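Same chain, two forms, each on its own as structure tokens: structure 1, then structure 2.
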Structure 1
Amino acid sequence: MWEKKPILLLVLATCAIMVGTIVTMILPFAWVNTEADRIEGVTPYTALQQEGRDIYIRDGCNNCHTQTVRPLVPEVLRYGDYSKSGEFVYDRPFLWGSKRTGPDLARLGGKYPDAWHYKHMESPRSMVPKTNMPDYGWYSNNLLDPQMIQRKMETLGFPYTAEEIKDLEGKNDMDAMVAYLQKLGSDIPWRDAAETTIVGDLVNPYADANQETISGWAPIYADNCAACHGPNMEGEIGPELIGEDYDDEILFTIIYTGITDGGMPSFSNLGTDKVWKLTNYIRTYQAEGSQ
């Protein structure tokens, strides 16, 4: 019957296609981004942040980075609190991505100080030698176009002030990108809630380790700390670590929980064992350095 009637076939095919479409694509608009999804504290992007977001899209960062943390234990440990629908209501388009060649960035805001981002975007390999992220140093030479950005804010219906637009004068792609990266995932106060607390007594398991063993732990420092504290602890984005004389417990605590307000990330996800190794490594190094 329909095999002989092309128009009928087209109509039937359209109907077949529309059933699933209506249920799984059209109906959800009644559930998603409604009042029930709203989260206090989630704000639209500022002019500078929105421009950073558009640059992120322009250069296809989403081809390597995702922006959703799934409610799975290892993922929450690695990246932070899982993502909620209400956090994305101002995202046009969404940038969840589909491939993690690099880490998830949904909870990046506040993880590092601005200085870290400037240096990392300029030359990722200077901080993480084995990364395959391209260099984006050329951002510093690209000045922003305040008028265009104003038009974008108008189109999106986001609030802005004339002063904010004026401030864009002289800023470049790099400033916009860093502003955007620092906003990511920080609208809800998850960092305070996730603050790592240490329970139980702290006992240094490596108190008796010898010099040689301890020197063998240098790569842990090089991989995780050198980018901010310098290869020889001389300090750069973070302070110099030589000369400070903390005891084991305090040093362990600083590394494990971080000093989040000060730009020192928490390293609890390294696990207690590695953090103890670092503690001993830094203490011995300090001793050597002060010799």
Structure 2
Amino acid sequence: MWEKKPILLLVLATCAIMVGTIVTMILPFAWVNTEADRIEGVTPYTALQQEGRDIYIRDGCNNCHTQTVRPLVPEVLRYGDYSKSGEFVYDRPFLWGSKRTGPDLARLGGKYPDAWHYKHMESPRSMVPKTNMPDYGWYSNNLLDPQMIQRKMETLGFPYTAEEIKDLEGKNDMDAMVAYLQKLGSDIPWRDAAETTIVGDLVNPYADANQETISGWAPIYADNCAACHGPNMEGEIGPELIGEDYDDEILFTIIYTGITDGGMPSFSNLGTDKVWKLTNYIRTYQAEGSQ
């Protein structure tokens, strides 16, 4: 029937497409980035952070990393609270992405100290042995050009003062990239809400493990701790562990929940069994090193 009335079919199809376009594209653009949509605490990028963002785009980092946590249980458990539109009011363009060759970065800011990022950008495998991310050590050799940055900022209408531009002198691409990465997700207090809480008494299931058994847990330390605390617990980005005198419960809690202010992430993703093995391994070698 309809195929015999092509003009009517065309009109109805056009109407259907227009309704779909309005509902899925036009209305969302009208709803987002309004005053009601904004999140208190979300601030514009500094000049250094904005330059780091430009470098991130220039070198195609968004081809491997997303910057949005979807409202799905596995996503939230791995990356933190799901993303809200108000977090991106200062992003031009958005860098949500859809391909994760590398992990999502939306909640990266504050997870690690600056020193971790500098070392990771210079040699990713020194921090994450199995990564296929290329080295970006050459960033340190590229000094920023404050005059060029100022021209870009003026063209785009970003409100940076002459003093803020002057502060870029002597900075390089690596400084800008680290500043940008530390900004991501740091404007909202999601970590406070997602803080891991241990309920009940802690009982060490491996308190009676022998030396041979504990030595077999060395790979867990090597894979998760050595990059920051050194292969022999001598300290590097993180503090030296030899000679410390934490009891089992305190050390387990530190590893499991992390230290937000100190830039140590939670290792609750390892599960309680592996965290207890780490606890016993570190405690054993702390005692040996202090003798």
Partner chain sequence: MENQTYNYAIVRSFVTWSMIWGLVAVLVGVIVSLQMVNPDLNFPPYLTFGRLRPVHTNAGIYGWGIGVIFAAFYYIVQRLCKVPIWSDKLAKFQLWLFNATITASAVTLLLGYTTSKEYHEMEWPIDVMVVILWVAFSINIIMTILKRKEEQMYISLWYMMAAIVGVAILYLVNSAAVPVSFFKSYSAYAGTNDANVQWWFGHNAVAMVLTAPFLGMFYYFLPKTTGVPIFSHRLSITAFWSLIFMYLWTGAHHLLWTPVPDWIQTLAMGFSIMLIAPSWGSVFNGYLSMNGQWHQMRENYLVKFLILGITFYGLQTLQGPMQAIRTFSAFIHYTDWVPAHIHMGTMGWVSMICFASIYYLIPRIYGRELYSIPLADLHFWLTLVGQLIWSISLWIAGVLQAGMWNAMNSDGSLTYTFMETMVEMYPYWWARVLGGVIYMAGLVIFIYNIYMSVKKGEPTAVPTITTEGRA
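In this text the structure is predicted, and so the values were computed from the model without any measurement. By rigid core we mean the largest C-alpha set that fits within 1.5 Å across both forms. Please note that residue numbering is based on structure 1, beginning with 1 at the start of its sequence.
Structure 1 derives from the form predicted in complex with the partner chain, whereas structure 2 comes from the other one. Look at residue 10: with the core superposed, its C-alpha moves 11.1 Å between structure 1 and structure 2. Core superposition places the C-alpha of residue 19 5.2 Å apart between structure 1 and structure 2.
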